[in-house]
Structure formats: structure tokens, C-alpha cells
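We give C-alpha cells for two forms of one protein chain below, kept apart as structure 1 and structure 2.
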Structure 1
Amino acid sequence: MDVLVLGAGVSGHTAAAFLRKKLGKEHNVTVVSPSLYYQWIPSNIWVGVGRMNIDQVRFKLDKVYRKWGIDFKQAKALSIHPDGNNSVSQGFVTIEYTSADRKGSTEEVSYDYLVNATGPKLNFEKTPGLGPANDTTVSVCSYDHAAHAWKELQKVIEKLKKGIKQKIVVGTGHPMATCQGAAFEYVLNIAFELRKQNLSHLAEITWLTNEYEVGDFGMGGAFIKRGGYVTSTKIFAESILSENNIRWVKRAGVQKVEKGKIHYETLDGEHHSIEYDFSMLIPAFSGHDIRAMDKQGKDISSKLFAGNGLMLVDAKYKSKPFEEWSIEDWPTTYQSPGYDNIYATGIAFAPPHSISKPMKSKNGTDIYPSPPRTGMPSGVIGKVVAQNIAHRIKDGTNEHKHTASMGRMGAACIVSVGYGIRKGLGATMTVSPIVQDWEKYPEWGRDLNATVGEIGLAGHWIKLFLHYMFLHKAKGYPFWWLLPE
């Protein structure tokens, strides 16, 4: 059997590793990824403040895949042909090489099972003027973006050292952007670094977010037991921002970015702008531009993908009001409803709806976070899909022995608040489940005993420990499979 994995991020790499481990040598595992490198994205924050260099957060995939016996093709997927074409009946994917030696050449890679783990397309184009290509805002979504962000931040620090006041804006760059956690980490790390250099008094830092309340993080916020009270993550997040002298603008959907100025609309329908000398804004995410074709070459993309390019899986996509949402809407096996040998993992699968309550401005603009699916859930989903495919191949059944619903699994998010072995800080946040289960936990939506929100040096140690542990695992070092996702 041939198993093809598109993408080598947290989810795709995990899926490929477990497929190779579970399947015998008579089966082929192929990975297609446009980058030669694996990157541990959570540590990009530290690249963005100069605490790590890019080689500390990435490594070359070809060496690891050679060791594991995985066929690696440095290429991007162009189209999926689930029914084959007029000459072949087996499904295949047309890829275009991105490696220097074969750049631009195409190939048809056939498969018996396909795992789409292509991750998000950083859709800067959805916000006019946004992103490094326009020389306006920076990004920390990839290691090269983070390295560029650090270069630009250094210019700001130099000006501050000369006594020139600087305006820094960090947050979300689209009304429906997600990944607030990463931007939140970055703004706190900037504040920490400036404080260490006694430059805080010259910097005006603003957190600009599409969240209804600060601390929503795309998961509708959470409630934490603390000091004899149950408090919202709004209090937790606002407290951290206040402590670091960061002001915030919430319920804001960025509409347009110019050099030095960000234009945004708020939920009350008003239009505002904010000036900046340095800004890091997370773009909208979408699926990659992969088309699906039938046997005759007719476009059947709507059978495989949602409108945003993310892949349809076993979720309940029927539109319904927020009040009727349930954890049963969320997928458990990540199998395509149209083709039972196709799966989508990590950010590549289309969620049934957001987790945060949808909000519309008076002008009809949707301003609320899309659901986050990074880190732990991406790894878990990748592993579960690999286990199910291996089981189907080995036992010849269509049974899915393993499931992973975001309405049942929890997540830990370690937010770096500053780097340093003795003076560093990290905010440890855990929730269980990720998507609120209002039937099981009618009062708070989640298990309060599993929900944590704490700041301390221990959080920094945990984040640093996870950095080395996950790179150890991804490199396939001894006992890698014992380490959790």
C-alpha cells in the first residue's frame, strides 16, 4: 500500500512518523512538503526577540526521513485526483517540486491513502497592505518571518536607546484571524525585553485584537479557579497586559494597513486607525490552493474542500445558531465524507464553526476569532489518523479504532512571558476540553479541575523543556514514540 502525507508540520510529521512505525517495509510512506525543514513553530517567538536563531527551531527533514525509510519529496501539491484519470484508476496527487535541483518540474504521486496536513496558508492578501511583502507589519508565523521580525525590532530598540519614543502594535491582522496565543506571547516578550533594557518608558505598546474580550484566545475564553474564586481568562489576560504596561484595543477587525498606520473597524461599527513604528499582526489563515479533479479532469473541489480551502471531514457542517452548537459537531476521525481513503489533520481540516461566539459589527463585518488548532491537538489528530490508517491497512477493515475530538481532548498552552533560566516567566494555561462541553459541564463549559492559568518561572522551564522534547521527538531520537503529542 502507498500512503501519501501532504505537509511536514506538527501534524503531518507526526502522522508520517507513526505510519512508518506501524506499517511494515512492504508499505510505502511518502511525504510531500514544499520546505526542506521541519520547524518547531512555538519557539519562533524566541527567534522574534533574538533569544534563539533559526537553526535552533528547525532541522532538515531529508536526513530524518532517510533514516526512517520515508520517501521525501520537496514539493507542493497542486491538485488531488481521488478517482485517478482516464489512464489510471488509482488516486494521485500532482505535485510541483520546490527543491533547487528540480524546481518547477511536476510529478503524479499515486496513493492508496492520503493524509492532507498542509497546514494554513498565511493569507496576508485578505487584508490589504498587511505583511512583510508590503514592508508594513511583520509576522512570527514561520522561522524566516520571525527572523525578519527580530531584525525590524532591533531597529526599534536602537531608536529607543537614542531616546526616540516608539509605538508598537501587536495582535490580529484580520477580523477573523486566529492564533491570538502566539501574538500574545510576542507582545509580552517584547515588553519583557524592553524592560530588561530599561526602555519601557519610551515604548507605547498596544495589543490590538479581534477578541470580544481579551483572553478569549479563539476558544471563547475559559474559567479558572484561583484565590477562592472562579475567574475568567479575561481577568488573567488583562492582568498580564496591565502589569506589562500594555494597553489593549479589543473587538477590532483590521481592514487595511499602510506604512505607519493600521485601519480597523470595531464591533460598534466605528472606523479607527492606530499609528505604529513596529507592528506584528497575525494574518487570516486559509487552505492552500489545491484543486480536486475527477477522472475527466472536471473540478470537484467543492466535494473535498470548504469555501476557505480547508478540507471537509466527518464534522457536522450544517449551519446552525450558536445556542445549538455541540461537541458532537466536531470531527472524530478526520475522514473525508466523499472519499474514505482521504483524511485531513491539523489546521488543514475545516472546522464546523468557530469556538468563540460569532459577532457582527453594525456594518455587517464578522469580527471574532476563528478556532485555533495548533500544537497539541494537531499532533494528537496526526497520530490518531496514522493509527487508524495503519489499522485499516493491516486488518483490512474500515473500522476507526482511534478517535480524537476537540470536544473531548484538552490542550496545554504555555505562553512565554520572558526568556531566562532564573528570571524568565511563562504563563501555563490548560483547558479540557478545547471546545466547551455545555452538556457535561453546564456551569463553566469545561472541567475546572483541569483548567489552569498560572504565571511563573516554572512555565518558562516547561516551554523550554517542551522545545527540546518535541525536537527530540521530531528528529526521531531514541524512544521518540514514548513522548506525548
Structure 2
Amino acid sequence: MDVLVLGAGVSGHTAAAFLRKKLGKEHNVTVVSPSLYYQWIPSNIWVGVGRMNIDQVRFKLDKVYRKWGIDFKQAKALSIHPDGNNSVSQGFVTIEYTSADRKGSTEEVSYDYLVNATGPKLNFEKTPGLGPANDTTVSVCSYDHAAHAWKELQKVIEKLKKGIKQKIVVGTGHPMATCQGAAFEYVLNIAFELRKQNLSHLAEITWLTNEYEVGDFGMGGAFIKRGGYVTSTKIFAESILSENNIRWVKRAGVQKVEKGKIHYETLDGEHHSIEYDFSMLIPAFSGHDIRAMDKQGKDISSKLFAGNGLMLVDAKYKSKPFEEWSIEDWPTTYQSPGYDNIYATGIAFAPPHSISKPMKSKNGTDIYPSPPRTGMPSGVIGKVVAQNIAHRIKDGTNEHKHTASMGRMGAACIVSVGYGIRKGLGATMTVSPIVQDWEKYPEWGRDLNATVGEIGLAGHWIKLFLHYMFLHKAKGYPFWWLLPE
């Protein structure tokens, strides 16, 4: 059997690792990824403030895959042909090589099972003027973006040292952007670095977010136990921002970015702008531009993908009021409803709806976070999909013995508040389940015994330890499979 994995991020790399471990040598595992590198994305924020360099958050994939016996192709997927074509009955994916030696050449890669783990397309284009390519805002969504962000931040620091006041804006760059957590960490790390250099009094820092309340993080906020008391992530996040002298603007959907000025609309329908000298804004995420074709070459993309390019799976996509949302809407096996040998993992799968309550401005603009699916959920989903495919191949059944609903899955997150061996800070947070279950937990939506948060030096040490632990796991070092996702 041939198993093809598209993407080598947290979800795709995890899926490939477990597929190779569980399948015998008589079965082939192939990974297609446009980048030669695996990157540990959660540590990009430290690259963005100069506390790590890019080689501390990445490593080359080809060496690891050779050791594992995985065929690696440095290429991007162009189209999926689930029924083959007039001359080939097996499903295949057309890829275009991005490696220097074969750049631009194409190939058809066949499969018996396909895992779409391509992750998000960083859709800067959805917000006019946004992003590094426009020389306006920076990004920490990839290691090269983060290195560029640090280069630009250093210019700001040099001006501050000369007594020149600077305006810094960090947050979301689209009305429905996700990954608030990464931006939140970055703004706190900037504040921490400036404080260490006694430059805070010259910097005006603003958190600009599409969240209805600060601390929503795309999961409708949460109530957490902290120091024996129940508090909301709203109070938790606001207190951290206040302690770092960071002002915030919430319920804001960025509409356009110009050099030095950000234009946004708020839920009350008003239009505003904010000036900046340095800004990091998370772009909108979408699926990659992969088409699906039938045997005759007719476009059948709507059968595999939602309108945003993310892959349809075993979720309940029927539109219904927020009050009727349920954890039963969320997928459990991540199998395509149209093709039982195709799966999507991590950010590549289309969620049935957001986790946060959808909100529209008075002008009809959607302003609320899309659901986050990075980090721990991506790893867990990748592992479960690999386990199910391996079971189907080895047992010859269509049974799915493993499930991973975000309505039943918990997640742990360490929010970096500043990098320092003796004075660093980290906020540890666990949430269970990720998607609120109001039937099981009618008061809080989540299990308070498993939804907790604390802040301190220990949190920084845990995040730093996890950085090295997960790179150890991703490199396939001894007993990697025993480490959690």
C-alpha cells in the first residue's frame, strides 16, 4: 500500500512518523512538502525578539526521513485526482517541485491513502497592504518571517535608545483571523525586552484584536481555576496586558494597511485608524490552492473542499444558530465524506463553525476569531489519523478504532510572557474540552478541574523544556513515540 502525506508541519510530520512506525516495510510512506525544513512554530516568537536564531527552531527533513525509510519530495501539491484518470485507476496527486535541483518540474504521485496536512495558506492578500511583501507589517508565522520581524524590531529599539518615541501595534490583521495566542505572546515578549532595556517609557504598545473580549483566543474564552479561585481568561489576559503597560483595542477588524497606518472597523460599525512604527499582525488563514479533478479532468473541488480551500471531513456542516451548536458537530475521524481513503488533519480540515460566537458589525462585517487548531490538537489529530489508516491497512477493514473530537479533547498551552533564565515568565493554561460542552458542563462549558492557569518563572522553564522535548520527538530521537503530542 502507498500512503501519501501532504505537508510536514506538526500534524503531517506526526502522521508520517506514526504511519512509518506502525506499517511494515512492505508499505510505502511518502511525504510531500514545499519546504526542506521542519519548524517548531511555537518558538518563532522567540526568534522574533532575538532570543533564538532560525536554526534553533528548524531542522532538515530529508535526513530524518531517510533514517525512517520515508520517501520525501520537496514539492507543493497542485491537484488531487481521487479517481485517477483515463489511463490510471489509482488516485494520485500532481506535485510541482520546489527543490533547487528539480524546481518547476511536475510529477504524479499515486496513493492508496492520502493525508492532507498542508496547514494554512498565510492569506495576507485578504487584507489590502498587509504583510512583509508590502513592507508594512511583519509576521512570526514562519521562521523566516520571524527572523525578518527581529531585524525590523531592532531598528525600533535603536530609535528608542536615541530617545525617539515609537508606536508598536501587534494583533490580528483580518476580521476573522485566528492564532491570537501567538500574537499575544509576541506583544508580551516585546514589552518584556523593552522593559529589560529600560525603554518602556518611550514605547506606546497596542494590542489590536478581533476578539469580542480580550482573552477569547478563538475559543470563546474560558473560565479557569487560578490560585483556588475561578476567573475568566478575559480578566487573566487584561491583567497581563495592564501589568505590561499595553493598551488594547478589541472587536476590531482590520480592513486595510498603509505604511505607518492601520485602518479598521469595529463591531459598532465605526471606522478608525491607528498609526504605528512597527506592527506584527496575523493574517487570515485559508486552504492552499489545490484543485480536485475527476477522471475526465473536470474540476470537482467542491466535493473535497469548502469555499475557503480547507478540506471537508466528517463534521456536520449544516448552518444553524449559535444556540444550537454542539460538540457533535465536530469531526472525530477526519475522513473525507466523498472518498473514504482521504483524510485531512490540523489546520487543513474545515471546521463546522467557529468556537467563538459569530459577530457582525452594524455594516454587516464578520468580526470574530476563526477556531484555532494548531499545536497540541494538530499533533493529536495527526497521530489518530495515522493509527486509523495503519489499522485499516493491516486488518483490511474500514473500522476507525481511534477518534479525536475537539469537543472531547483537552489542550495545554504555555504562553510566553518573556524569555529569561532567571526572570522569564510563562503563563501555563490547560483547557478541557477545547470546544465548550454546555450539556456536560452547563455552568462553565468546560471541566474546571482540568481548565487551569498560572503564571510565573516555572511557566517559562516549562515552555523552554517543551521546545527541546518536541524537537527531540520530531527528530525521531530514542523513544520519541513515548512523548505526548
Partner chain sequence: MENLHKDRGYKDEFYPPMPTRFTKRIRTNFLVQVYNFFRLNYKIMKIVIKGHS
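Keep in mind it's a predicted model, so treat the numbers as computed, not measured. Basically, rigid core = biggest C-alpha set you can superpose within 1.5 Å across the two forms. Only residues modelled in both forms are compared. All residue numbers here refer to structure 1's sequence, counted from 1.
J.: Which structure would you label as the form predicted in complex with its partner chain, 1 or 2?
T.: Structure 1.
J.: Just list the residue ranges, at least 3 long, where Cα displacement is 2 Å or more throughout between structures 1 and 2 after aligning on the core.
T.: Run moving 2 Å or more: only 225-230.
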